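Just one chain is shown here, as structure tokens, and it is the form predicted alone.
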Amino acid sequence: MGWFLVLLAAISEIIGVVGLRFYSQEKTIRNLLIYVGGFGMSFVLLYASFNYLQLSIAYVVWIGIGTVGAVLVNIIFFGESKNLTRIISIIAIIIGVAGLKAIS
């Protein structure tokens, strides 16, 4: 259950990042709600995961998934650069998160 909550929290964080991108481009109530709601739900779900997982592991996995997800969403949907350094960095984050999850 803890890992499921962390995954939902990371997805909510990605939604918050998309909302932030939309809100920075067009300041509407809808975009503000996506932005604040995504990040707010992310924190609530992450906090709930602490009932099942160690804080240090859950937090790092949440940050890793959210970071990789946000970068990939911005590359795929918003045309950000796909340079080699960025791809290698994403792979490094995935390996690090997988390693932490494996030893937890």
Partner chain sequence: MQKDWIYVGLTSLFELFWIFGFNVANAWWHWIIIVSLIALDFHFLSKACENLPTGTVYATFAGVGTIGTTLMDIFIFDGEFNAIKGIFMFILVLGVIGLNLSDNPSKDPVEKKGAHA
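Being a predicted model, the structure only gives us computed values, none of them experimental. Residue numbers count along the first chain shown, from 1.
Below: the form predicted in complex with the partner chain, not depicted.
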* To do: May I ask you to state whether Leu8 is within 4.5 Å of the partner chain in the predicted complex, using heavy atom distances?
  => no
* Using heavy atoms and a 4.5 Å limit, would one call Gln25 a contact residue for the partner chain in the predicted complex? -> no
* To do: State yes or no: in the predicted complex, is some non-hydrogen atom of Phe77 no more than 4.5 angstroms from a non-hydrogen atom of the partner chain?
  => no
* Report yes if any heavy atom of Thr67 sits within 4.5 Å of a heavy atom of the partner chain in the predicted complex; otherwise report no. => yes
* Structure fact -> Contacts from 82-103 to the partner chain in the predicted complex (any heavy atom within 4.5 Å), listed N to C, are Asn83, Thr85, Arg86, Ser89, Ile90, Ala92, Ile93, Ile95, Gly96, Val97, Gly99, Leu100, Ile103
